[in-house]
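In structure tokens, one chain follows: the form predicted alone.
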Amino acid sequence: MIGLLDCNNFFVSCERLFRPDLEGKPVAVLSSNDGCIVARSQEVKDLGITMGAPYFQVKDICDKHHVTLFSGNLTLYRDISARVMETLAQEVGKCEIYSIDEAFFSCAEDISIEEVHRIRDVIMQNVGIPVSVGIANTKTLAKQASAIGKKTGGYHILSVSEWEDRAKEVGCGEIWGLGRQTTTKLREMGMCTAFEFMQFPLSQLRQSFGVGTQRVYNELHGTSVFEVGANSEVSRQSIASTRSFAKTTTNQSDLESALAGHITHVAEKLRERKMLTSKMHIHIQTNRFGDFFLQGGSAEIVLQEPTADTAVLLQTALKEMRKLYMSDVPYKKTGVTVSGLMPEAYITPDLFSQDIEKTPKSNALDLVADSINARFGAGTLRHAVLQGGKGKSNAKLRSKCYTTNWGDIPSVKAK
């Protein structure tokens, strides 16, 4: 059996963790520049505010119903997520982190309701985050079980026979693994529900769709195709870091500093996962609604040797960015994506490298910097080009980093 643990309204739950007075009250989290709604408590959902709604469009509703707003605080959310996943791993053993608020895990065929309750209770006791748990034969069905569990007390064990009945009420668009284009094509072929999709002959499915759709088809029939651990964060295909500026800028040094911040972040993630990158994509973009929309640019960089060295990535990326930059063009966003990832253990030194003694593994300087930044806060030790982070943010409502910054630890005084 496969289980899926899903943190309930995760960003909101993280904020409520240090603001218990907000329990049961409407709470929403905004994007990094306070531009749109990215997380909602159930009370906010009940107000009709949709995910991704621009804040200016719902500001009056938020004011009228006294919605408490927070700017996104990914430093806090990532740390709380790590605590949840660590606690889960201690309880169930093998698990796979799927996203910041979800993880798959393996469990016994005869897992009991009491055991599921215990997992949820331990996470609430140790971390304080409410979670839902779905159990089924496959990952795809575990997703469905988790969705059911959120509406039925926080847990659900979904059998294949029960799923056959429920599939008639589930649209194809609600199935994990069926994308928008596939769902549209299925609808055009007369398949609107999961049940109708499951009745489609496999031989015809192979002629009309790719391997991915066939795997989902098998999973819906109870045959496990996606093993736990096969898609963990360590084996992900790429790592990205990007952010919009609070205000547009024409200053080249601002762009360089922002891009350097993103590169530093992804390089740290690579070293944390003991991975190397062989390809890097950088971009600088203008406001998509402005007169300079077509003046943005991007570059694909193939590295000579796979690396996670911050200095190497910075030198290469900034050189390409200076070719893309145009003066007097107001830029709104910059970012980087690294791909072609591989475990550093797979790499051997290049016989024809200029320095045979140098390996592509993370060097000692980076490891020391990572250690210092982990202890004293991100950016304590950084490259000179990184003047002030990843670009100024317009996040005026951001909460403190209660768990990662000594200065933000809440103090309690007894009277």
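Keep in mind that this is a model prediction, so the values were computed, not measured. Between two forms, the rigid core is the largest collection of C-alphas that superpose within 1.5 Å. Numbering starts at 1 and follows the sequence shown.
Another form, the form predicted together with the DNA, is not on view; read the next lines as being about it.
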With the partner removed from view, which of 192-200, 210-218, 132-140, 111-119 is the stretch that lies within 4.5 Å of the DNA in the predicted bound form, judged by heavy atom distances?
210-218
Contact residue in the predicted bound form, chosen from Q125, Q181, S327, S161 - any heavy atom within 4.5 Å of the DNA:
Q181
Checking K319, R166, R187, K279 against the DNA in the predicted bound form, the residue with a non-hydrogen atom inside 4.5 angstroms turns out to be K279
Does the DNA get within 4.5 angstroms of any non-hydrogen atom of E96 in the predicted bound form?
no
At 4.5 Å between heavy atoms, is L205 in contact with the DNA in the predicted bound form?
no
Closest heavy atom of R271 to the DNA in the predicted bound form, within 4.5 Å or not?
no
Any non-hydrogen atom of V368 within 4.5 angstroms of the DNA in the predicted bound form:
no
Out of 5-40, which residues reach within 4.5 Å of the DNA in the predicted bound form, heavy atoms considered?
S31, S32, G35, C36, V38
Cα of L303 displaced 2 Å or more between this form and the one not shown, core superposed?
yes
I want to check T182: does it shift between this form and the one not shown by 2 Å or more at the Cα, with the core superposed?
yes
Flag for P130, CA shift 2 Å or larger between this form and the one not shown after aligning core:
no
